[in-house]
Structures are given as C-alpha cells and as structure tokens.
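First, one chain by itself in structure tokens, the form predicted alone.
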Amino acid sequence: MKRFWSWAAIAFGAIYFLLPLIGTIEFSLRMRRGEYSLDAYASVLADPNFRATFGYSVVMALLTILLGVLIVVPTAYWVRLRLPRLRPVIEFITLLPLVIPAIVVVFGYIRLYNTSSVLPLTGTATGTNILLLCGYAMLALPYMYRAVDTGLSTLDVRALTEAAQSLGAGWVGIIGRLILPNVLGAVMSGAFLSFAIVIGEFTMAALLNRPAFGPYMQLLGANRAYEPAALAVIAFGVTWGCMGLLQLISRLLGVRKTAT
C-alpha cells in the first residue's frame, strides 16, 4: 500500500510539472495555421536580442555563483568552527532576502548609489552590473547558504581543521583545498538554484535597466503570441543544459579529487 501511494505521489508530481510544459510546447508549434511548424523557434533564434540577453544572464549567473561561493563557504565554515552560537543569527540574516521584496532592495540601490551619491555606481554600465550582481547574490543567498551549511553538517569541521593545521596548512588552503572539495556537491546544489533564479529574475534587471533575459521575456510576451511559448521552451532546455554541464563539471572534479 505504501508503494502504491509513493508511485501515486510521483505520478501526480510528474503530471503537475509535465502537463504545462507539454501544453507550452504544443502551443509554440501552432504559429503556422493548420499545421505544426518551428516558425516560432526560428523567429526567436534569429532575434539578436535573444542571444544578447540570454548570454548576459548566463554570465551574470556564473558570476553570482562564484560570488556566492566566495562569501558563503568561508562564512558557514567559520560559523561552524568558531561561532556556533551565532548560527541562529546568521540563518535569520540569510532568510531576509525571502522576506524583503526585490523591488524594495533595488529601489534602495538606486537611492544609495545614484549619480548624486558618494558612490555613483548607477552612472556607468559597469557599476550597474556590479549592483545587479550583488542583488542576484543576495537573492540566491538563502539557497546557497543552506546548501553549504547542510554539506558542512556531514563533516567533522574541527577535526579536519586541526589535522590540516598540524600539517602546516593556512586558512586559505584549508578552505580552498579541504573544505570546498568536501562540500562541492552541496555547493553545486546551491549553484543550480542560483542559476535558475538569475535566468528568470525580472524586477532588479528591469529597474536597473540591464539587458537581462527576464525583461526580454516580459517584453516579448507583451507583444507576441507564439514566440513567448517557444522562448520559454528554449530557455527551459538551455537552462537545464547549463545545469547539466555544471553537474558534469562537479563530477569530473570529484573524480579527479578521488584519483589524487
């Protein structure tokens, strides 16, 4: 009986997620009346704005993952090693991005870093990109931190640190060559979620006037019928392809670590 309900739950979940995707694919093929065609896909792929915005968002996603790892891994490690009493405080801070709307954060950015402020980051494209990158890292913080913290919970951090220090390792070496490889699977879990968040994010990119994929999808959806469905399918496939590539890289790194 338990097996029946388990398979029933799996089937319900598959139907819930797959039916909308199947419906979107079917609708995207109806651009030509009376027959199925790939005209909508050809139209999207021929649009230079699609390549530019998706490429921009992929780069920002990778930079967000890198920034998140540089911030979260040392912080979570140090909290577990030296500051265990502050764990509730750190966890509360990492939950704030889920409570504070993104529109509030981005208006704060615009207010603090406009051209009349001491640090006019919004006055240049590079500065605005840095602001957007920080905003993306903040949105991904709850997921990255919890993934890394869960990975660290499976390790005896204190024993590993003492062993590494007894062999003469410094803090950078301990984190980079000992802690990070052991929580790489957890880091990749957080990276998947961070990647998905950045690819679909709209509010921050739109208000900071950056050529990201989220605003492009919204603009296309407001003016076209079949192309947005095709764009959604393409984005789904490419996003999952990028995630699969990240997973492959993590496995290759894991195999290399095991071999050495």
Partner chain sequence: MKQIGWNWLGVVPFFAFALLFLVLPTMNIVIGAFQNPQGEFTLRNLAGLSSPRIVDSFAISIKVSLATAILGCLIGFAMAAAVVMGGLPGWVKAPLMTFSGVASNFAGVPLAFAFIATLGRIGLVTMLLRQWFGINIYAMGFNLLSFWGLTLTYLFFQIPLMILIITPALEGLKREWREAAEVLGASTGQYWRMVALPILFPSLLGTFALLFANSFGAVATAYALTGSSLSIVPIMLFAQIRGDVLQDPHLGYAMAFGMIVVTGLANLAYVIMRSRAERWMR
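In this text, rigid core is short for the largest set of C-alphas that superpose within 1.5 Å between two forms. Predicted model only: the values in this text are computed from it and were never measured. Positions refer to the first chain, counted from 1.
The same protein also exists as the form predicted together with the partner chain; that form is not shown, yet it is the one meant from here on.
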Site check 120, 153 and 186: each within 4.5 Å of the partner chain in the predicted complex by heavy atom
no
Using heavy atoms and a 4.5 Å limit, would one call residue 30 a contact residue for the partner chain in the predicted complex?
yes
Applying a 4.5 Å heavy atom distance criterion, does residue 176 contact the partner chain in the predicted complex?
no
Residue 168 within 4.5 Å of the partner chain in the predicted complex, heavy atoms:
no
Wondering, does residue 218 line up within 4.5 Å of the partner chain in the predicted complex on heavy atoms?
yes
Could you work out which of 66, 42, 59, 206 is the residue within 4.5 angstroms of the partner chain in the predicted complex, going by heavy atoms?
206
If we check the partner chain in the predicted complex, which of the residues in 11-26 reach within 4.5 angstroms of it by a non-hydrogen atom?
12, 13, 16, 17, 19, 20, 21, 22, 23, 24, 26
Rigid core superposition, residue 234 Cα moves 2 angstroms or more between this form and the one not shown
yes
Since the C-alpha distance between residue 243 and residue 127 changes by 3 Å or more in the predicted complex, give its direction relative to the shown form: closer or farther.
farther
Based on a C-alpha change of 3 angstroms or more, tell me if residue 239 and residue 48 lie closer or farther in the predicted complex than in the shown form.
farther
